[in-house]
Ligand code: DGJ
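Below you'll find only one chain, the form predicted on its own, shown as structure tokens.
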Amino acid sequence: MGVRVDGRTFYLETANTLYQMKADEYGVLKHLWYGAKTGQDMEYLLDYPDVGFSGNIYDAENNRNYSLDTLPLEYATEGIGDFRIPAVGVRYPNGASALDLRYESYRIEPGKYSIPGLPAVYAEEYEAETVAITLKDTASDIRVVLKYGVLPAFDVITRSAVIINDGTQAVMVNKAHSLCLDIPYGHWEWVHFHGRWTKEREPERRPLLHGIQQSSSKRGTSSHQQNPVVLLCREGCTETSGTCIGAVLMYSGCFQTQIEYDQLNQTRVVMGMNTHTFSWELKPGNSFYTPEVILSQSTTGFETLSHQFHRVIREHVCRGKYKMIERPVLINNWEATYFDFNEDKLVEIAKGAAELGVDMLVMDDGWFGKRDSDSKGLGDWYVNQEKLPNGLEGLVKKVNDLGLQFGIWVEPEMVSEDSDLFRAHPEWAIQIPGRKPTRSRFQLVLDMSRKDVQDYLFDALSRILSSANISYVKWDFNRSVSDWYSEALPAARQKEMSHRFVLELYDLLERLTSAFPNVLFEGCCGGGGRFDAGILYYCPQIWCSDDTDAFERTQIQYGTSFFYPISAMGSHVSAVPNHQTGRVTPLKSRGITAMSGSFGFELDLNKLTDEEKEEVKLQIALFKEYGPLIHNGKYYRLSDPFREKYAIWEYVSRDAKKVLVHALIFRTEPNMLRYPIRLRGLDPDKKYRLREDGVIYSGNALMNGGILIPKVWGDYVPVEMYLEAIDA
């Protein structure tokens, strides 16, 4: 299907790309090519001179042109003469750390491999093919199996590694990256997505510097500050032209992406778990599995690359009932009430929401234990009877009787010192013996690497979800992890804790989503602090950011869209002045921005004017009409909101018959000029009617000449244009 082997040369082919590697005469697995299909063996490009101070493997004898320090390698190791960044490293009982992996065998299997205990892309046998290449160390019984999943129709290749100890003594794995990609050709630029809380995933593009540059997190989550993705592009690459390569790590904890631009102007990318917070004792007969990386490449710019990632994540990472169907329009009470609510207040909010067409009420933080502020109650997952005297069952029934579904907020991985749970099990909180723990938001983190902690959380949350007709769970995580230490691990294995934390989180999510398949789980981490493909395997949507300001959200959602589908982005209309910025934007502007995601509201709808309520009704009706197009169509970035005075984006159905253009004009100029927007993704031979005025345009005209932005008045002004193909 997608894998072909000629001798010891491997061809991994997708619809438009070729990934090629070869086990050479010494058994070294070299990387030959990743790019457009070429129709031939690309080894002819590997012409290397004798480079001073780059040593040669013993087998090569006096062939000074052959050096692991210069050749493009498929999975780089340490300690044997390659002085660039390695992808894997082990330490033996005698303290040595060398690893010399040579080709041993391969196998090809139909379908897509899975990874025990970790999320991974899934596919039917007719959609994918797996090749597993086994490498063995020359001086020990360590083997590494490189696994590649090839999804030809998606232009995607996945990668993971299995490190196997077939020896008689335990070894310490101190680096186990999933991706190693050597690019021996071209000058590349790095598009990096950085940020902070409420300012997530801001793109920053820079030429590579000679040496090592890095994006990483040591925070226990993939973090607000960095994201586990990498995007490399050739100079001059744009949305619609040029070569670019992207990789997404399916991991929700401490990660590391390193890029080295070496002495020969070659580029190496390695990506996986962060070495500062990771090591693993690999006992005889055991295997260690690395998280998966999704890899894709485009020769027609960022837009194509994004479409490839959107489709594979939406269709082959997300799972369950809500994978492809529309999500309910919800109202969340947080910014309406914060902790100050009771059953009566929630029912009043629900009544107002039901009259406007909302589908679901979500009760946020403060419903459990003695949770009247963010300094107590976390971990006590039982109903606060003072706020909810009729319990969850009574409240949910009242909300359901109004025609609304019901959802709740939880933060399972955290504990307050002022809680019954902490008083009963202080050893369950992460803290180093003899040191005072670091507090953040006045809360501590539960040691998720412990099985008894996970079992407690599963039982407690299962009781809650079984106690009433709950349809939705917002799963939050409101601090970074520090003070790494687990009483359940011996001293020599403390650096296993961060990975075990993630494994137990995934196991808990798997247990709960399997036990409650009709519940929509939404990931959250103070907004977008754990927005990654690993969480999307369990939760088909993630709260994109705690910043709900319409202007700011155009930038946050723009950066997020380079890798993640629109259907994954939780986005709400909130009150003004905005609670994060104080900015006042029109209600329609907030609605159009929030439609670029899983739509909902974060305010008290009862406080709106009659005119505003009519606008909300219209927004909900439009979103329910446009939802399938927004979530399952192709998404186009028509402007850069970081550089231009407006944000413009477009959705096009797969058959190119429906087109929706949304825009936010940040600032209106006096004597304003009218600018044409050139649309993309249309059928050039079709005619399209603009709903707003009935004017008919050809697809060719809309893509080459464009359509004029209407004149607007005021700041942060919304624009909406819907076009539909008509019969010729």
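Predicted model, so just to flag it, every value in this text is computed and none were measured. Residue indices: 1-based, along the sequence shown.
FYI, the form predicted together with the ligand isn't displayed, but the following is about it.
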- Message: Quick check on F563: any heavy atom within 4.5 Å of the ligand in the model of the complex?
- Response: no
- Item | 4.5 angstroms heavy atom contact with the ligand in the model of the complex for W409 | yes
- Query: Is there a heavy atom of R441 no more than 4.5 Å from a heavy atom of the ligand in the model of the complex?
  - Reply: yes
- Query: Would F309 count as touching the ligand in the model of the complex under a 4.5 Å heavy atom rule?
  - Reply: no
- Message: What I'd like checked is whether W334, K474 and G526 together line the ligand in the model of the complex, meaning each has a non-hydrogen atom within 4.5 Å of it.
- Response: yes
- Item | Contacting member of N478, N578, T304, S114, with respect to the ligand in the model of the complex [4.5 Å, heavy atom] | N478
- Task: Identify, from the list W543, F501, F255, F599, the residue with a heavy atom within 4.5 Å of the ligand in the model of the complex.
- Result: W543
- Message: Counting any heavy atom within 4.5 Å as contact, can you tell me which stretch out of 232 to 240, 146 to 154, 417 to 425, 518 to 526 lines the ligand in the model of the complex?
- Response: 518 to 526
- Note on the structure: Looking in the model of the complex, the residues of 356 to 370 with a heavy atom no more than 4.5 Å from the ligand, listed in order, are D364, D365
